[in-house]
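In the form predicted on its own, a lone chain appears below as structure tokens.
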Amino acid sequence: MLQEFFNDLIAKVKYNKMLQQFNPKNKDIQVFVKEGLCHRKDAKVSVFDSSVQGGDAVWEGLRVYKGGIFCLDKHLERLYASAKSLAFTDIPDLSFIKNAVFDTLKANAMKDDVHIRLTLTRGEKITSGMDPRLNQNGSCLIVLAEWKPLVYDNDNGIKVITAHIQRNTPKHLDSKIHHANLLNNILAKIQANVAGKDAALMLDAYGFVAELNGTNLFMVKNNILYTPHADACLHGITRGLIIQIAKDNGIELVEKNLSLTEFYTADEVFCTGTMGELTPVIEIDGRIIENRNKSELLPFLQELFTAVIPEYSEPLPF
């Protein structure tokens, strides 16, 4: 019986539709590390790097669409704000970071259907330890661009389960800092994997819905769009854009504390993020999102979002 349980568990994890696959096109990509480009097999940081020593780094996820980088300036501003919040003393000029991104994409001949993992670590320490004063060699910029499709199934939607792991609050580790210490989210994702679900829904310290382990959440009820206060979740860039799109198109939007009960009984639920765009959530904790009022707000928002991608994308200079 025990062996059957573990076999079933392994099958759930291995064949989960959310599990990303290796793309052979990424076999020989060039990666930017600190000052220049190198082959992926040579793309390394020191064992003394702060990201290794304590997850001491900040990051952004960027999406490339048809020759343009979506919301590039917004992502770079958030990267800068996160680094400043963590008291980085050597933050590269934003023009340097932007050029490193462009150089990486050009070296790989990438112009569409690409995901960029942009990381800035506090840099290499003179000896192992927690104290940031040991970082005396400058910060380390990493630009990792890969051919990668959207991570979520935007046609069929995803199923989620509520994790017992709470989202960080500002009095512990502010989720507005887009830091690389993702253990809070990873623990929640492990719980979703074990349950055979696509993602984990995380609550705040008061039991209200915060976000999924990697994306923000919205719900629709009676043609009103709701989203949780961004107190215990990241101010997602896609989240902010959806809020703006709703306002520009006369869609009533309310930010408030939302309970699981409200999400269980919503007409539509969806998550937003750079790697998934707008993705329907079709089940929460075994409750099917029934859409009893036949709401069509989500597909309308998906169309509006797709339409503004070119407007918010910075063209590649090559």
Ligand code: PMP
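All values reported here derive from a predicted model rather than from experimental measurement. Just count from 1 along the sequence shown to find any residue number.
Keep in mind that the form predicted in complex with the named molecule is missing from the display, and what follows is about it.
- A single residue from the set Ser82, Thr238, Ser139, Thr227 has any heavy atom within 4.5 angstroms of the named molecule in the predicted complex; that residue is Thr238.
- Just one of Thr104, Asn213, Asn193, Asn135 comes within 4.5 Å of the named molecule in the predicted complex, counting any heavy atom, and that one is Asn213.
- For the chain shown alone, Thr272 is a contact residue for the named molecule in the predicted complex, at least one non-hydrogen atom being within 4.5 angstroms.
- When contacts are judged by a 4.5 Å heavy atom cut-off, Leu234 counts as touching the named molecule in the predicted complex.
- Although the partner is absent here, Asn185 is a contact residue: one of its heavy atoms lies within 4.5 angstroms of the named molecule in the predicted complex.
- Using a 4.5 angstroms limit between non-hydrogen atoms, Arg122 is distant from the named molecule in the predicted complex.
- With the partner omitted here, the stretch from 127 to 135, 193 to 201, 153 to 161, 72 to 80 that lies within 4.5 Å of the named molecule by heavy atoms in the predicted complex is 72 to 80.
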